[in-house]
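A lone chain, given as structure tokens: the form predicted alone.
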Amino acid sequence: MHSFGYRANAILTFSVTALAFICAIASLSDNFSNQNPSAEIQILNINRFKKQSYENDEVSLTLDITADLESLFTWNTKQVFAFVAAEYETPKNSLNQVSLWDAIIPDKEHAKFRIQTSNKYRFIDQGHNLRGKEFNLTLHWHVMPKTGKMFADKIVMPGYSLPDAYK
């Protein structure tokens, strides 16, 4: 007959294989969920727009962020990391991204929100390229599942611009 060690190994191997199979099926089930988040961002005020002493432009904005990210939550979602970034082009770089605000959304109950806030992080351009600059505000999110692969997406909101002169 088989020894105790051989039987324990067979049971453990079968259990781990079954658990891996169940986790894979759970992760794949997220692909069938209908996700349609929505967001709107308004700039309420340009609080400060100045040239710093070492030739960099700095902007402080008051933002009104409205978002409905409830559809990102399934039974497999642990949390969602969301952030707003200003995206623009300069002669040196085709894409500049500056994070303005972020939040960790722990559950579906907190996934529909409206917040009025100044940018949490400084909006600074290395140089003096922001005067009269057109830019996009983009809401990015990263869905962190309990099991499976993390995924990310975004909503781009174009049509914002900064003044031609410092304030």
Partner chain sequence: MDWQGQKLAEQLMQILLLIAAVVAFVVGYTTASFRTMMLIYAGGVGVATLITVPNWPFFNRHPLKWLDPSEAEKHPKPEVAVSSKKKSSKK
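Everything numeric in this text was worked out from a predicted model, so none of it was measured. Numbering follows the first chain given and starts at 1.
Heads up, the form predicted in complex with the partner chain isn't pictured, but that's what we're talking about next.
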{"item": "The partner chain in the model of the complex: contacted by all of S60, L63 and I124, heavy atom 4.5 Å", "value": "no"}
{"item": "Region of this chain that lies against the partner chain in the model of the complex, out of 23-31, 94-102, 111-119, 131-139 [heavy atom, 4.5 Å]", "value": "23-31"}
{"item": "Heavy atom of F14 within 4.5 Å of the partner chain in the model of the complex", "value": "yes"}
{"item": "Contact of K149 with the partner chain in the model of the complex (heavy atom, 4.5 Å)", "value": "no"}
{"item": "The partner chain contact at V156 in the model of the complex, heavy atom, 4.5 Å", "value": "no"}
{"item": "K167, heavy atom within 4.5 angstroms of the partner chain in the model of the complex", "value": "no"}
{"item": "Within 56-80, the residues that have a heavy atom no more than 4.5 Å from the partner chain in the model of the complex", "value": "W75, N76"}
